[in-house]
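Only one chain is given next, in structure tokens, and it is the form predicted on its own.
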Amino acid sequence: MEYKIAVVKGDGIGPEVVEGAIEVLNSIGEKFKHKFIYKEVLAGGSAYDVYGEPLPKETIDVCKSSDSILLGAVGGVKWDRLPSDKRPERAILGLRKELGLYANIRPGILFDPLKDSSPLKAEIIGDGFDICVVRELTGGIYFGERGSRETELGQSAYDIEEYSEMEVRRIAKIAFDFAMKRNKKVTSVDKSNVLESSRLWRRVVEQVSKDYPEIELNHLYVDNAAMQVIRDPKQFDVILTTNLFGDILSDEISVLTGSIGMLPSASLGEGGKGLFEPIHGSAPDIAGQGKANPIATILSAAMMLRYSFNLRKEADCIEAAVNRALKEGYRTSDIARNAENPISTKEMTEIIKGFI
């Protein structure tokens, strides 16, 4: 089989980790007789430097014509002073909107070999945890009306949080469908004691739950949820939440797994096409030094195989190779303890490839 993949390497460490993921994908292609065809395009700060825009039309067109998209991180201090519509991060928001990618899937899994890297106590971790955050991705405050105005207190700025029934219903269905394949529990996170948008959110989620009688549904306010993932992460299976709350909670959960450099993500819409990226940032302070952890991007490629291409055995193969590398003690600097000798981005990639 042939699969067309749009490649957006991005900024900072993005090119390094994406190149690692491509090498692993090529090894999978050789083993399972698939052909991956890559088309590289620019987005983020690197695109602004060339086109004066963070998301050129060419990039949108290539992404739309591809079977899926592999993305590195974007952004960096170099572009921090740009107007908001020119900032690198607008490229990611634009791609999600242009491609109709409304569901962000962020697994928070504590690999057994990394239990010592988690900031949580051993008695809290227990046998580990496996949380799936399902985050609404194209609505809410990031896409709502925004602006600034003069007030009697001086310059004022505002961003509006808004959700429609349709937006909540479709993301809720995604969460319940994922839960049906897992432990059949959904925790919906909102702030319905304060926000009108959250009251609608809760009402629609409860309506959708009636179509899934096997699923246990419970609700948490976002502040309580932030505490509960620290106090007892094992209580969670699927967390369903809004764009803003999901952005924050998934990053919090990532730290509990030992490193933000370990976790992948998938942004999905209708028809199977998706955008797959690590949840970490561009880390410009270590760019080009070979210190970046490629595992999150490699696992993002595994998610691409599973969710966009329905290549489950191939995805399992990548995940097993990553787990073996960790079990055998290989560590990049972000997950290495003081007594360990960290290996480089390239070395970790080669080791994972060797286990495929």
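Quick note: we count residues from 1 along the sequence shown, nothing fancier. The shown structure was predicted, so the numbers you read here are calculated from the model rather than taken from an experiment.
There is also a form predicted in complex with ligand NAD; it is not shown, and the following applies to it.
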Examine G75 and determine whether its closest non-hydrogen atom to ligand NAD in the predicted complex is within 4.5 angstroms.
yes
Taking ligand NAD as it sits in the predicted complex, is I279 near enough to touch it, meaning that at least one heavy atom pair lies within 4.5 angstroms?
yes
Contact test in the predicted complex: I69 vs ligand NAD, heavy atoms, 4.5 Å:
no
Can you tell me if D334 lies within 4.5 angstroms of ligand NAD in the predicted complex, counting non-hydrogen atoms only?
yes
Contact check for D130, V238 and E319 against ligand NAD in the predicted complex, heavy atom at 4.5 Å:
no
Only one of I124, L114, I260, I215 comes within 4.5 Å of ligand NAD in the predicted complex by heavy atoms, so just point that one out.
I260
Proximity to ligand NAD in the predicted complex, single hit among E196, D285, E206, E145 (heavy atom within 4.5 Å):
D285
Looking at 115 to 123, 84 to 92, 220 to 228, 146 to 154, which one sits within 4.5 Å of ligand NAD in the predicted complex if you count heavy atoms only?
84 to 92
Partner contacts for 228 to 251, taking ligand NAD in the predicted complex and a 4.5 Å heavy atom cut-off:
none
